[in-house]
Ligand SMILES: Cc1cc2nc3c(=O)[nH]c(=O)nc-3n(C[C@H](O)[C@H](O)[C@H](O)COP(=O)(O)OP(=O)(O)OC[C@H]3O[C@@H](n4cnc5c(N)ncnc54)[C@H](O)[C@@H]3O)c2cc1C
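Shown here is one chain on its own, the form predicted alone, set out as structure tokens.
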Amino acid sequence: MDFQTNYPLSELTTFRIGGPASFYAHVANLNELKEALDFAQQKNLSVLVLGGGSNVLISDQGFVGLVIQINFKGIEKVSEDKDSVMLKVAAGEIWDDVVAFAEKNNFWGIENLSHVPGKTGAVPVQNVGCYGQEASDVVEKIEVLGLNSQKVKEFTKTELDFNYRTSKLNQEWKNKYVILSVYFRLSKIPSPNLTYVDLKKYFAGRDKAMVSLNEIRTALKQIRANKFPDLTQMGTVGSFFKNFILTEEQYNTLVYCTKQNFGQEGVDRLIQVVNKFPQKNGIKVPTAFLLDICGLKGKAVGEAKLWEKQPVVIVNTGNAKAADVLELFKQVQAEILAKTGMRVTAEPEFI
């Protein structure tokens, strides 16, 4: 295999940020992956596995070790019945290509995840979700390779223990496995999910049953374009801040702090926002609301900036450094904590 040295990681991330990797290799199959891991073991190197680089903030100093980029390809229909189909998707498949494949074949269940950047292997790691759908709704199992044992094994949905933006893969199993493929159970029965406020507004007046997969993908392309920056123009990881799922006690604290700092008008706005996003478990509070009410839209440190159209997004407007992004995150975190009593957390992984 070809192991490149001092490879600029800014070229591998959608943020366009990151110093050099001591060694870099892209792998297209299991044998190449094992060869890369053997190389790291022989040289006693730390290993970083990357997919599409769409959910990471990499240090300006880079990564001392071996960066392996997964480029496994393939979408295979492994089973089906009259109502559903099981797809086995290689970890290196571009995620939106998988959604487009499902649309072409009239398979339902991942259409609301249209136009999410990154590769398929990342989808179950943080239980990727948006616009009313989550990976946990459709992931049946995953196939992985142990980083140390180099043994292939499978984990079921139950074993992955999905929660909001988490699974065991980014908790207690972090850095223990490389995802090889993901199995998705999709429906053959049309079932448009238009519960999310943006989709509800877009399709207002339409008969829900008549909305097609193609129409949902088209709608989301427009909705996302109005909220998120163009990746060809500037770097970003998309949503940088996780939303809040609060207990009743936590929510009461938020209401109290909001009233103290923003008056009854602020509380009324909070209640209105919460009512827009009903949650089965807990009380959902969009972090974008807290950023907005605290007047943080457009806040910048160096060339890292909160996107005016959607403040949960941090953009690299030119040559931002990881240090700029981190400082901006810390300042935002401190200000929101001071004014609302809530501690925001980051969605991407810091490396």
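Just so we're clear, the structure is a prediction, and the values are computed from it rather than from any experiment. Sequential numbering from 1, following the sequence displayed.
The protein also exists as the form predicted together with this ligand; that form is not presented, and the subsequent description refers to it.
- Of the listed positions (Pro192, Gly266, Gly132, Pro117), a single one reaches within 4.5 angstroms of this ligand by any non-hydrogen atom in the predicted complex, namely Pro117.
- When this ligand is considered in the predicted complex, only one residue from Ala320, Leu37, Val312, Leu50 comes within 4.5 Å through any heavy atom, namely Leu50.
- Within 4.5 Å of this ligand in the predicted complex, a heavy atom is found for none of Asn243, Leu290 and Lys330.
- Taking the partner from the other structure, this ligand in the predicted complex has no heavy atom within 4.5 Å of any heavy atom of Ser10.
- Proximity of Ser59 to this ligand in the predicted complex falls outside the 4.5 Å heavy atom cutoff.
- Though the partner is left out of this view, Asn55 does reach within 4.5 Å of this ligand in the predicted complex, counting heavy atoms only.
- None of the heavy atoms of Val285 is located within 4.5 Å of this ligand in the predicted complex.
- In summary, the region of this chain contacting this ligand in the predicted complex, judged by heavy atoms within 4.5 Å and restricted to 224-232, 101-109, 256-264, 152-160, corresponds to 224-232.
- Contacts between stretch 93-128 and this ligand, counted in the predicted complex as any heavy atom lying within 4.5 Å, involve Val116, Pro117, Gly118, Lys119, Gly121, Ala122, Val123, Val125, Gln126, Val128, listed in sequence order.
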